[in-house]
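Only one chain is given next, in structure tokens, and it is the form predicted alone.
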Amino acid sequence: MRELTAEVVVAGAGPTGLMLANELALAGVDVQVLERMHERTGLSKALNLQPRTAEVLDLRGLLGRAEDRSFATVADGHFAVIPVSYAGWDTRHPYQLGIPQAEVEAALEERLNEQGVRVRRGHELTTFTQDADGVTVTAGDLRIRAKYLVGCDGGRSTVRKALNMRFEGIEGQGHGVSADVLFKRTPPGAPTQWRSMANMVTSESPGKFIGVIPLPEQNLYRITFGDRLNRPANLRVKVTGEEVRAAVTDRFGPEAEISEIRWASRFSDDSRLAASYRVDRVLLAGDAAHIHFPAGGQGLNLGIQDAMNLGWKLAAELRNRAPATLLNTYEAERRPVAQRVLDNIAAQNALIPLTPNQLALRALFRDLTALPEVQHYLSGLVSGLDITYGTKKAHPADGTRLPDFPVGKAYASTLFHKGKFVLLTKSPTPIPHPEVQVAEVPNLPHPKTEKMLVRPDGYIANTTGETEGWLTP
């Protein structure tokens, strides 16, 4: 048994775990990343980055790497497969970025390697114990003593189960399948570019749906189909070629010929949320903390934003820079966000008609979405652009995301590449704390404000510039 030490062990090298490890490494934290798979699968899985996630990556100089690996820019989002526009939001990224999950992971792992951290592949966390001073983790032939453990190990999280954490929610009654399908030739009527969510998903009978998204390789498509009224007795049963071919025939007719089914996976419409995100020195993030029907690809985006919220707080705790309650704000801020995502997905599922009455309801709802106010509200939900933190606000800007406004020849996002607090000020101001970067700017995005203290994750802490409550003296 090999013995190692670390400040933080991250279990899981998916997008959430890799983003968290990057945040910790950026802050100089000694982090070990454990992953049960011996190598990345290369499977596409999730396919999109929502606007707020694009902003988050831009704050760390990572967006360009993702854009280089992307294959589409999608001008809108959707709510219950009804397109909703991102227009009206003050963002430089009013679009979805079409990018396979495997490419997101590749970009994040590339940056992590540059920071001197290697994922320990083929090392699945099996057990752990914790005490007042730390956590002892066992993974294969490794035993690691760390200050904290973070479970980013997916919906069937070993970490969550070992904590005996309640995974509260509802068990759905349907299921779906996602498959990457290579056709011999372009199927009749199939889109050849992904530029909008319009007409990407169809429903020919109650409860059933099928979606088609063209992937970058010619005649390669993501086919997603399902039945919200019926599910197999065993959700882990392997997806058969017959299932995929039947769905393709229903959508395109018998003339659509399949050359290869590259990958297929079954998913449920269960909706669950961990009762707590933290038990002493063990925390949860991403799918380990929440699962849901994959409407709009919100899961990957939710996980990356979990990591962004947790990373700087955990680093501050380890460096004795955090007030006593700061780390607890991770759950206080992110769990309600996840609950809201679960709620909006439940509402979307309710708008997939199962009865004539629901069909009428959906038609009425579609008419309502034509109203600009409704479009704005729904696009804020699915994009993450409407997320705010805190209820006690001394100023309306407190707890809101900082719009990425011009600063000289660049943008404000470039000020956050080092992962520090940033004090934006209109006049010369002394540095209030060693962990705060001061940037003098001619204008601020909120009127009648002279300064703003902005958190490392791009949310406005206050408009006074005070570090009290955020950083210890």
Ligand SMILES: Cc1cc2nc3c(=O)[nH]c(=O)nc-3n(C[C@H](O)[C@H](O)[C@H](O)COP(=O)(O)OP(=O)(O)OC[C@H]3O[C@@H](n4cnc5c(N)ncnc54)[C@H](O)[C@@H]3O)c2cc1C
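In this text the structure is predicted, and so the values were computed from the model without any measurement. One-based numbering along the sequence shown.
The following text describes the form predicted in complex with the ligand, which does not appear among the structures shown.
In the predicted complex, every residue of the candidate spot (37, 123 and 297) has a heavy atom lying within 4.5 Å of the ligand.
For the options 344, 400, 178, 369, the one in contact with the ligand in the predicted complex, meaning a heavy atom within 4.5 Å, is 178. Exactly one listed residue, out of 412, 422, 46, 62, brings a non-hydrogen atom to within 4.5 Å of the ligand in the predicted complex: 46. Using a 4.5 angstroms limit between non-hydrogen atoms, residue 330 is distant from the ligand in the predicted complex. In the predicted complex, none of the heavy atoms of residue 309 sits within 4.5 Å of a heavy atom of the ligand. Contact annotation for residue 152: at least one heavy atom lies within 4.5 Å of the ligand in the predicted complex. Among residues of the shown chain, residue 13 is one whose heavy atoms approach the ligand to within 4.5 Å in the predicted complex. Of the candidate stretches 402-410, 37-45, 423-431, 439-447, only 37-45 has residues whose heavy atoms lie within 4.5 Å of the ligand in the predicted complex.
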